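Form predicted alone, single chain, as C-alpha coordinates, below.
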Amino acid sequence: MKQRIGADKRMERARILDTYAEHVSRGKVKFYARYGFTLVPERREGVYLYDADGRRFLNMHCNGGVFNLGHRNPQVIEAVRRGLDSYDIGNHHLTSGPKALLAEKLAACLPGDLKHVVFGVSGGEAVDVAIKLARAVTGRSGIISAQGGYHGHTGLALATGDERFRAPFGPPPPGFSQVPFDDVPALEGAVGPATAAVILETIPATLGVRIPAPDYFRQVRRLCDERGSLLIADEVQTGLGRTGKLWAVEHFGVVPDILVTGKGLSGGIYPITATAVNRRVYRFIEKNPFIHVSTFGGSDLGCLAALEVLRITTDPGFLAEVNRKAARMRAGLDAIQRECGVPPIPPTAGGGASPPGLGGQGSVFLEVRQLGLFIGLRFVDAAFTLVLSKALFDNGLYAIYSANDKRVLQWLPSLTISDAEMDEALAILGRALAQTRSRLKYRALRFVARRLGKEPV
(Lines give C-alpha, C1' and ligand atoms only; values in the text may rest on other atoms or scores of the structure.)
Protein backbone atom coordinates (compact mmCIF):
# COMPACT_ATOMS: atom_id res chain seq x y z
CA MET A 1 0.00 0.00 0.00
CA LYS A 2 2.80 2.44 0.95
CA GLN A 3 4.54 1.74 -2.38
CA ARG A 4 1.34 2.51 -4.26
CA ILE A 5 0.82 5.77 -2.34
CA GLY A 6 4.42 6.72 -3.07
CA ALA A 7 3.97 5.98 -6.77
CA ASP A 8 0.75 8.02 -6.83
CA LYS A 9 2.52 10.97 -5.21
CA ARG A 10 5.36 10.81 -7.73
CA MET A 11 2.89 10.73 -10.59
CA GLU A 12 0.99 13.72 -9.20
CA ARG A 13 4.25 15.62 -8.69
CA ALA A 14 5.30 14.91 -12.27
CA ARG A 15 1.90 16.12 -13.48
CA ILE A 16 2.29 19.36 -11.51
CA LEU A 17 5.72 19.96 -13.04
CA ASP A 18 4.45 19.25 -16.56
CA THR A 19 1.48 21.57 -16.13
CA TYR A 20 3.63 24.30 -14.59
CA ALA A 21 6.06 24.02 -17.50
CA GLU A 22 3.27 24.19 -20.04
CA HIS A 23 1.38 27.14 -18.60
CA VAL A 24 3.66 29.05 -16.20
CA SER A 25 7.40 28.68 -16.83
CA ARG A 26 9.10 25.87 -18.73
CA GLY A 27 12.44 27.62 -18.26
CA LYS A 28 12.16 27.51 -14.47
CA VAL A 29 11.26 23.80 -14.47
CA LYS A 30 14.20 23.02 -16.76
CA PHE A 31 16.60 25.08 -14.67
CA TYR A 32 15.79 23.26 -11.44
CA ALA A 33 15.76 19.86 -13.12
CA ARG A 34 19.19 20.51 -14.66
CA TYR A 35 20.76 21.05 -11.25
CA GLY A 36 18.74 18.51 -9.30
CA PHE A 37 17.13 21.26 -7.25
CA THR A 38 13.46 20.62 -7.92
CA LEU A 39 11.17 21.29 -4.97
CA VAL A 40 7.38 21.18 -5.25
CA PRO A 41 6.16 22.38 -1.84
CA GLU A 42 2.97 20.76 -0.65
CA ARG A 43 2.53 20.59 3.13
CA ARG A 44 4.13 23.43 5.10
CA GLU A 45 4.54 23.59 8.86
CA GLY A 46 6.74 25.76 11.07
CA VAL A 47 10.29 25.77 9.72
CA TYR A 48 9.64 22.88 7.33
CA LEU A 49 8.55 22.46 3.73
CA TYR A 50 7.36 19.09 2.48
CA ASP A 51 7.84 18.22 -1.17
CA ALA A 52 4.93 16.62 -3.01
CA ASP A 53 6.94 13.39 -2.98
CA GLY A 54 7.10 13.46 0.84
CA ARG A 55 10.66 14.74 1.35
CA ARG A 56 11.08 17.25 4.20
CA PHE A 57 13.21 20.39 3.94
CA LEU A 58 14.25 22.75 6.70
CA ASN A 59 13.63 26.19 5.20
CA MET A 60 16.60 28.50 5.84
CA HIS A 61 15.67 30.92 3.08
CA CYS A 62 12.18 31.96 4.25
CA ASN A 63 11.61 33.80 0.96
CA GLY A 64 13.50 36.82 2.21
CA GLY A 65 11.58 36.98 5.48
CA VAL A 66 8.03 36.22 4.33
CA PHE A 67 8.03 33.31 6.78
CA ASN A 68 9.55 35.14 9.74
CA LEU A 69 6.90 33.48 11.91
CA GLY A 70 7.19 30.11 10.21
CA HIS A 71 4.95 28.45 7.68
CA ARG A 72 1.22 28.53 8.39
CA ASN A 73 1.59 30.31 11.71
CA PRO A 74 -1.55 29.22 13.61
CA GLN A 75 -2.10 32.59 15.29
CA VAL A 76 -2.04 34.48 11.99
CA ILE A 77 -4.29 31.88 10.37
CA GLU A 78 -6.77 32.17 13.20
CA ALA A 79 -6.83 35.98 12.92
CA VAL A 80 -7.70 35.72 9.22
CA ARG A 81 -10.18 32.90 9.84
CA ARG A 82 -12.05 35.02 12.40
CA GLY A 83 -12.01 37.93 9.99
CA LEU A 84 -13.75 35.87 7.32
CA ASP A 85 -16.86 35.90 9.48
CA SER A 86 -17.28 39.61 8.68
CA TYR A 87 -14.73 40.77 6.11
CA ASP A 88 -13.55 40.29 2.55
CA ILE A 89 -10.77 42.25 0.80
CA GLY A 90 -12.70 45.49 1.15
CA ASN A 91 -12.98 48.46 -1.20
CA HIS A 92 -9.92 50.67 -1.63
CA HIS A 93 -12.12 53.68 -2.40
CA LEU A 94 -13.68 53.58 1.09
CA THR A 95 -12.42 53.97 4.63
CA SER A 96 -11.80 50.79 6.60
CA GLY A 97 -11.65 49.77 10.25
CA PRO A 98 -8.86 47.18 9.78
CA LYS A 99 -6.80 49.69 7.74
CA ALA A 100 -7.24 52.36 10.38
CA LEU A 101 -6.25 50.02 13.22
CA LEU A 102 -3.21 48.63 11.39
CA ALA A 103 -2.00 52.11 10.45
CA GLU A 104 -2.34 53.17 14.08
CA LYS A 105 -0.36 50.15 15.31
CA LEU A 106 2.36 50.69 12.71
CA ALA A 107 2.63 54.38 13.60
CA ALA A 108 3.08 53.43 17.25
CA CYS A 109 6.06 51.16 16.56
CA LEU A 110 7.81 53.02 13.72
CA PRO A 111 10.73 55.33 14.57
CA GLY A 112 10.51 59.12 14.68
CA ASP A 113 7.67 60.87 12.86
CA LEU A 114 6.82 58.04 10.48
CA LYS A 115 3.16 58.18 11.46
CA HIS A 116 1.32 57.83 8.13
CA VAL A 117 0.91 54.80 5.90
CA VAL A 118 0.08 53.89 2.30
CA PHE A 119 -0.77 50.20 1.93
CA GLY A 120 0.13 47.96 -0.99
CA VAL A 121 0.37 44.34 -2.08
CA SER A 122 4.01 43.81 -3.08
CA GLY A 123 7.37 45.21 -2.09
CA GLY A 124 7.89 46.56 -5.59
CA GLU A 125 4.60 48.45 -5.44
CA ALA A 126 5.51 49.90 -2.04
CA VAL A 127 8.87 51.09 -3.41
CA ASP A 128 7.14 52.60 -6.43
CA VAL A 129 4.92 54.56 -4.06
CA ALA A 130 7.94 55.77 -2.09
CA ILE A 131 9.71 57.01 -5.22
CA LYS A 132 6.60 58.72 -6.58
CA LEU A 133 6.04 60.53 -3.30
CA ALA A 134 9.69 61.59 -3.02
CA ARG A 135 9.54 63.13 -6.49
CA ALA A 136 6.23 64.82 -5.82
CA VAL A 137 7.32 66.32 -2.50
CA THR A 138 10.75 67.55 -3.60
CA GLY A 139 9.88 68.55 -7.16
CA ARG A 140 13.03 66.70 -8.25
CA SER A 141 13.49 63.57 -10.37
CA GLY A 142 16.84 62.06 -9.36
CA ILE A 143 16.84 58.74 -7.51
CA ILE A 144 20.08 57.22 -6.21
CA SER A 145 20.34 53.56 -5.23
CA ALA A 146 23.14 51.11 -4.43
CA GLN A 147 24.92 48.95 -6.97
CA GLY A 148 23.99 45.34 -6.41
CA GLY A 149 20.93 46.24 -4.37
CA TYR A 150 17.41 45.11 -5.12
CA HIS A 151 14.07 46.87 -4.61
CA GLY A 152 11.67 44.89 -6.78
CA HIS A 153 10.70 44.09 -10.34
CA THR A 154 7.96 46.66 -10.92
CA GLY A 155 8.43 49.90 -12.88
CA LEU A 156 10.22 52.47 -10.71
CA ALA A 157 11.56 49.82 -8.34
CA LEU A 158 13.12 47.99 -11.29
CA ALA A 159 14.81 51.20 -12.39
CA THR A 160 16.72 51.32 -9.09
CA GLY A 161 18.27 47.89 -9.71
CA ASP A 162 21.23 46.64 -11.69
CA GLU A 163 21.24 46.73 -15.47
CA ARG A 164 20.96 42.97 -15.91
CA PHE A 165 17.47 43.12 -14.40
CA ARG A 166 16.41 46.14 -16.48
CA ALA A 167 18.10 45.53 -19.84
CA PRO A 168 15.60 43.02 -21.30
CA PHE A 169 12.83 45.60 -20.99
CA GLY A 170 14.39 48.50 -22.83
CA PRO A 171 16.08 51.68 -21.64
CA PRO A 172 15.49 52.78 -18.05
CA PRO A 173 13.50 55.90 -17.27
CA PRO A 174 15.66 59.01 -16.78
CA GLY A 175 16.84 60.19 -13.39
CA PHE A 176 18.12 56.93 -11.89
CA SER A 177 21.73 56.34 -10.88
CA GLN A 178 23.70 54.00 -8.63
CA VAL A 179 26.69 54.24 -6.30
CA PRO A 180 28.56 51.55 -4.33
CA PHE A 181 26.91 50.63 -1.04
CA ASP A 182 28.61 51.78 2.17
CA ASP A 183 30.72 54.32 0.26
CA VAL A 184 30.16 57.82 1.66
CA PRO A 185 32.53 59.68 -0.74
CA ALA A 186 30.78 58.12 -3.77
CA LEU A 187 27.38 59.15 -2.42
CA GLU A 188 28.64 62.62 -1.57
CA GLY A 189 29.67 63.07 -5.19
CA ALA A 190 26.32 61.81 -6.48
CA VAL A 191 23.73 63.65 -4.37
CA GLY A 192 23.00 66.99 -5.98
CA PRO A 193 20.34 69.65 -6.62
CA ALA A 194 18.31 67.24 -8.78
CA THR A 195 18.29 64.36 -6.27
CA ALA A 196 14.81 63.64 -4.95
CA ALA A 197 15.81 60.67 -2.80
CA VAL A 198 18.43 58.14 -1.85
CA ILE A 199 16.90 54.66 -1.52
CA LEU A 200 18.84 51.95 0.27
CA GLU A 201 18.16 48.56 1.79
CA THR A 202 19.33 48.84 5.36
CA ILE A 203 21.22 45.59 4.76
CA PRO A 204 21.25 44.56 1.08
CA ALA A 205 20.46 40.85 0.96
CA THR A 206 20.91 40.42 -2.79
CA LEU A 207 24.35 42.06 -2.50
CA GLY A 208 25.40 39.38 -0.06
CA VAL A 209 23.98 40.55 3.30
CA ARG A 210 26.35 43.52 3.44
CA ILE A 211 26.46 45.01 6.94
CA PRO A 212 27.27 48.73 6.61
CA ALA A 213 29.79 50.63 8.72
CA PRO A 214 28.28 51.86 12.00
CA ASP A 215 28.21 55.51 10.87
CA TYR A 216 27.22 54.95 7.22
CA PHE A 217 23.52 55.72 7.58
CA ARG A 218 24.21 58.73 9.78
CA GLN A 219 26.37 60.09 6.97
CA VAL A 220 23.65 59.33 4.42
CA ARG A 221 21.10 61.11 6.61
CA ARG A 222 23.43 64.12 6.91
CA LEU A 223 23.93 64.33 3.13
CA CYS A 224 20.21 64.13 2.45
CA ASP A 225 19.48 66.84 5.02
CA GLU A 226 22.18 69.14 3.69
CA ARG A 227 21.07 68.80 0.08
CA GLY A 228 17.33 68.70 0.44
CA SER A 229 16.87 65.05 -0.56
CA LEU A 230 14.76 62.38 1.12
CA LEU A 231 16.06 59.14 2.59
CA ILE A 232 14.04 56.01 1.77
CA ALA A 233 14.82 52.92 3.88
CA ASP A 234 13.83 49.63 2.24
CA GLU A 235 13.04 47.32 5.15
CA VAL A 236 11.06 44.78 3.15
CA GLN A 237 13.45 42.03 4.28
CA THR A 238 15.09 43.50 7.39
CA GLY A 239 11.98 44.77 9.14
CA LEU A 240 9.76 43.26 11.83
CA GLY A 241 12.40 41.81 14.12
CA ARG A 242 14.68 40.06 11.64
CA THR A 243 17.79 41.92 12.86
CA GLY A 244 16.99 41.77 16.58
CA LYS A 245 15.28 45.16 16.57
CA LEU A 246 11.89 45.80 15.05
CA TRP A 247 13.48 47.94 12.32
CA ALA A 248 17.09 47.61 11.20
CA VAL A 249 17.55 51.40 10.98
CA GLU A 250 17.28 51.44 14.78
CA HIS A 251 20.73 49.86 14.93
CA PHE A 252 22.18 52.88 13.14
CA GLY A 253 20.43 55.70 14.95
CA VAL A 254 18.66 57.30 11.98
CA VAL A 255 15.06 58.01 11.02
CA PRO A 256 14.32 57.94 7.27
CA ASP A 257 11.72 60.13 5.60
CA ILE A 258 10.06 57.05 4.13
CA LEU A 259 10.27 53.42 5.28
CA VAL A 260 9.03 50.51 3.19
CA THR A 261 8.05 47.22 4.81
CA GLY A 262 6.50 44.03 3.48
CA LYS A 263 7.18 40.29 3.20
CA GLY A 264 7.01 39.44 6.93
CA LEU A 265 4.08 41.82 7.46
CA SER A 266 1.95 39.24 5.68
CA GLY A 267 2.67 36.53 8.23
CA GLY A 268 3.17 34.33 5.19
CA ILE A 269 -0.63 34.14 4.92
CA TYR A 270 -2.01 37.22 3.16
CA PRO A 271 0.04 39.65 1.00
CA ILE A 272 0.31 43.20 2.34
CA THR A 273 2.98 45.92 2.33
CA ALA A 274 3.23 49.40 3.78
CA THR A 275 4.99 52.61 2.78
CA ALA A 276 5.33 54.69 5.95
CA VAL A 277 6.00 58.43 5.56
CA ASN A 278 6.75 61.42 7.76
CA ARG A 279 4.58 64.50 8.15
CA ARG A 280 6.28 66.41 5.33
CA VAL A 281 5.51 63.67 2.82
CA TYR A 282 2.06 63.07 4.24
CA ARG A 283 1.02 66.67 3.58
CA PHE A 284 1.19 65.92 -0.14
CA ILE A 285 -1.04 62.84 0.28
CA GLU A 286 -3.44 64.84 2.44
CA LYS A 287 -3.92 67.36 -0.37
CA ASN A 288 -4.18 64.59 -3.01
CA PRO A 289 -6.10 61.76 -1.31
CA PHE A 290 -6.69 59.75 -4.50
CA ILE A 291 -3.21 60.24 -5.97
CA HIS A 292 -2.37 56.55 -5.49
CA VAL A 293 -4.87 53.69 -5.49
CA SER A 294 -4.33 49.95 -5.17
CA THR A 295 -7.31 47.63 -5.52
CA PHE A 296 -5.90 44.92 -3.25
CA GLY A 297 -3.51 47.14 -1.27
CA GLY A 298 -4.16 46.90 2.44
CA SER A 299 -7.07 44.52 2.00
CA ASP A 300 -9.15 44.17 5.14
CA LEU A 301 -8.14 40.52 5.55
CA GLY A 302 -4.49 41.37 4.94
CA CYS A 303 -4.68 44.02 7.66
CA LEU A 304 -5.97 41.44 10.11
CA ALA A 305 -3.02 39.16 9.32
CA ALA A 306 -0.60 42.07 9.73
CA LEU A 307 -2.16 43.13 13.03
CA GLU A 308 -1.46 39.68 14.43
CA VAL A 309 2.12 39.84 13.11
CA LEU A 310 2.63 43.15 14.92
CA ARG A 311 1.08 41.80 18.10
CA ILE A 312 3.60 38.96 18.10
CA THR A 313 6.72 40.81 16.97
CA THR A 314 6.34 43.92 19.14
CA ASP A 315 6.27 41.83 22.30
CA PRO A 316 9.60 42.61 24.06
CA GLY A 317 9.96 38.93 24.87
CA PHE A 318 9.85 38.08 21.19
CA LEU A 319 12.79 40.34 20.30
CA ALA A 320 14.73 39.09 23.31
CA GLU A 321 14.30 35.55 21.98
CA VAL A 322 15.45 36.59 18.49
CA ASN A 323 18.65 37.99 19.99
CA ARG A 324 19.19 34.92 22.15
CA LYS A 325 18.77 32.68 19.12
CA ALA A 326 21.07 34.90 17.09
CA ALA A 327 23.84 34.49 19.66
CA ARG A 328 23.31 30.74 19.75
CA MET A 329 23.34 30.51 15.96
CA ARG A 330 26.51 32.60 15.79
CA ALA A 331 28.29 30.32 18.26
CA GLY A 332 27.37 27.31 16.12
CA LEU A 333 28.47 28.99 12.89
CA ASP A 334 31.75 30.10 14.47
CA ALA A 335 32.44 26.52 15.55
CA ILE A 336 31.80 25.25 12.03
CA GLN A 337 33.98 27.98 10.57
CA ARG A 338 36.87 27.00 12.84
CA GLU A 339 36.57 23.43 11.61
CA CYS A 340 36.73 24.51 7.97
CA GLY A 341 40.43 25.35 7.69
CA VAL A 342 42.06 23.35 4.87
CA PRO A 343 45.74 22.72 4.14
CA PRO A 344 47.20 24.83 1.35
CA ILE A 345 46.56 23.49 -2.15
CA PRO A 346 49.83 22.98 -4.07
CA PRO A 347 50.40 25.63 -6.75
CA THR A 348 49.85 24.53 -10.32
CA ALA A 349 52.85 23.90 -12.52
CA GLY A 350 54.34 27.17 -13.65
CA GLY A 351 51.84 29.16 -11.57
CA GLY A 352 48.51 29.58 -13.36
CA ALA A 353 44.99 29.38 -12.05
CA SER A 354 44.02 27.89 -8.72
CA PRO A 355 42.11 24.63 -8.80
CA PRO A 356 38.40 25.25 -9.31
CA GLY A 357 36.23 25.62 -6.24
CA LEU A 358 38.93 25.86 -3.59
CA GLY A 359 40.43 29.28 -4.26
CA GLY A 360 44.04 28.37 -3.62
CA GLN A 361 44.59 27.96 0.12
CA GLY A 362 43.17 28.61 3.56
CA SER A 363 39.64 28.13 4.81
CA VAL A 364 36.73 27.73 2.43
CA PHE A 365 34.36 29.39 4.95
CA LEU A 366 35.57 32.97 5.05
CA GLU A 367 33.03 35.09 6.90
CA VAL A 368 29.80 35.20 8.89
CA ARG A 369 27.86 38.39 8.20
CA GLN A 370 25.17 38.76 10.82
CA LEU A 371 22.79 41.18 12.45
CA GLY A 372 20.23 39.31 14.51
CA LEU A 373 18.97 36.42 12.40
CA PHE A 374 19.78 38.21 9.15
CA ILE A 375 22.82 36.16 8.17
CA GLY A 376 25.06 35.70 5.15
CA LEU A 377 27.80 33.05 4.96
CA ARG A 378 30.64 34.00 2.60
CA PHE A 379 32.66 31.21 1.08
CA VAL A 380 35.79 31.09 -0.99
CA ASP A 381 34.13 31.50 -4.38
CA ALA A 382 30.83 31.20 -6.22
CA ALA A 383 31.56 27.66 -7.41
CA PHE A 384 31.91 26.44 -3.85
CA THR A 385 28.70 28.13 -2.72
CA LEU A 386 26.71 26.75 -5.64
CA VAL A 387 27.87 23.19 -4.94
CA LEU A 388 27.22 23.72 -1.23
CA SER A 389 23.64 24.85 -1.96
CA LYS A 390 23.06 21.56 -3.77
CA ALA A 391 24.64 19.55 -0.95
CA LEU A 392 22.39 21.30 1.58
CA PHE A 393 19.37 20.52 -0.60
CA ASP A 394 20.36 16.86 -0.84
CA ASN A 395 20.59 16.79 2.96
CA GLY A 396 17.12 18.28 3.44
CA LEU A 397 17.82 21.99 3.88
CA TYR A 398 16.74 24.76 1.53
CA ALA A 399 18.95 27.85 1.28
CA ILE A 400 20.11 29.89 -1.71
CA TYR A 401 22.98 32.17 -2.63
CA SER A 402 22.78 35.95 -3.04
CA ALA A 403 22.03 36.80 -6.66
CA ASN A 404 24.51 39.68 -6.85
CA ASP A 405 27.27 37.99 -4.86
CA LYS A 406 27.12 34.26 -5.39
CA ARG A 407 29.91 33.67 -2.87
CA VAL A 408 27.39 34.40 -0.11
CA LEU A 409 24.81 31.90 1.08
CA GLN A 410 21.76 33.56 2.60
CA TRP A 411 20.99 31.98 5.97
CA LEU A 412 17.59 33.25 7.11
CA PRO A 413 15.88 30.98 9.62
CA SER A 414 12.37 31.57 10.83
CA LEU A 415 12.44 33.84 13.86
CA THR A 416 10.40 31.18 15.65
CA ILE A 417 12.97 28.43 15.05
CA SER A 418 13.58 26.24 18.10
CA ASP A 419 16.98 25.37 19.58
CA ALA A 420 16.63 21.80 18.34
CA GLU A 421 15.84 23.02 14.82
CA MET A 422 18.85 25.35 14.92
CA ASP A 423 21.01 22.40 15.90
CA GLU A 424 19.55 20.41 13.01
CA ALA A 425 20.35 23.24 10.57
CA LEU A 426 23.91 23.56 11.85
CA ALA A 427 24.45 19.80 11.69
CA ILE A 428 23.25 19.73 8.07
CA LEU A 429 25.52 22.68 7.23
CA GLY A 430 28.54 20.92 8.71
CA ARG A 431 27.74 17.71 6.85
CA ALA A 432 27.13 19.52 3.55
CA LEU A 433 30.38 21.49 3.91
CA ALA A 434 32.35 18.27 4.37
CA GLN A 435 30.68 16.74 1.31
CA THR A 436 31.30 19.85 -0.79
CA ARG A 437 34.94 20.08 0.20
CA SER A 438 35.41 16.42 -0.61
CA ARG A 439 33.79 16.74 -4.03
CA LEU A 440 35.67 19.88 -4.99
CA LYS A 441 38.96 18.62 -3.58
CA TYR A 442 38.66 15.61 -5.88
CA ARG A 443 37.97 17.91 -8.82
CA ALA A 444 40.87 20.14 -7.79
CA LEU A 445 43.32 17.23 -7.61
CA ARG A 446 42.27 16.09 -11.07
CA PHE A 447 42.79 19.67 -12.25
CA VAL A 448 46.33 19.74 -10.79
CA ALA A 449 47.13 16.32 -12.26
CA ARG A 450 46.07 17.46 -15.71
CA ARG A 451 48.18 20.60 -15.37
CA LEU A 452 51.19 18.51 -14.43
CA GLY A 453 50.67 16.27 -17.45
CA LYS A 454 50.03 13.13 -15.43
CA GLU A 455 46.54 12.68 -16.78
CA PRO A 456 45.23 13.36 -20.28
CA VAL A 457 42.98 16.39 -20.53
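Residues carry their position along the shown sequence, with the first being 1. Just so we're clear, the structure is a prediction, and the values are computed from it rather than from any experiment.
Beyond what is shown, the protein has a form predicted together with a small molecule; the following relates to that form.
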Heavy atoms, 4.5 Å, the small molecule in the predicted bound form: which of 304 to 312, 146 to 154, 208 to 216, 71 to 79 makes the cut? Say which one.
146 to 154
Note: exactly one of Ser122, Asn278, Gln178, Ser294 sits with a heavy atom within 4.5 Å of the small molecule in the predicted bound form, namely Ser122
Could you confirm whether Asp234 comes within 4.5 Å of the small molecule in the predicted bound form, counting heavy atoms only?
yes
Tell me, yes or no, whether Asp128 is in contact with the small molecule in the predicted bound form, where a contact means a heavy atom of each within 4.5 Å.
no
Using 4.5 Å between non-hydrogen atoms, is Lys263 touching the small molecule in the predicted bound form?
yes
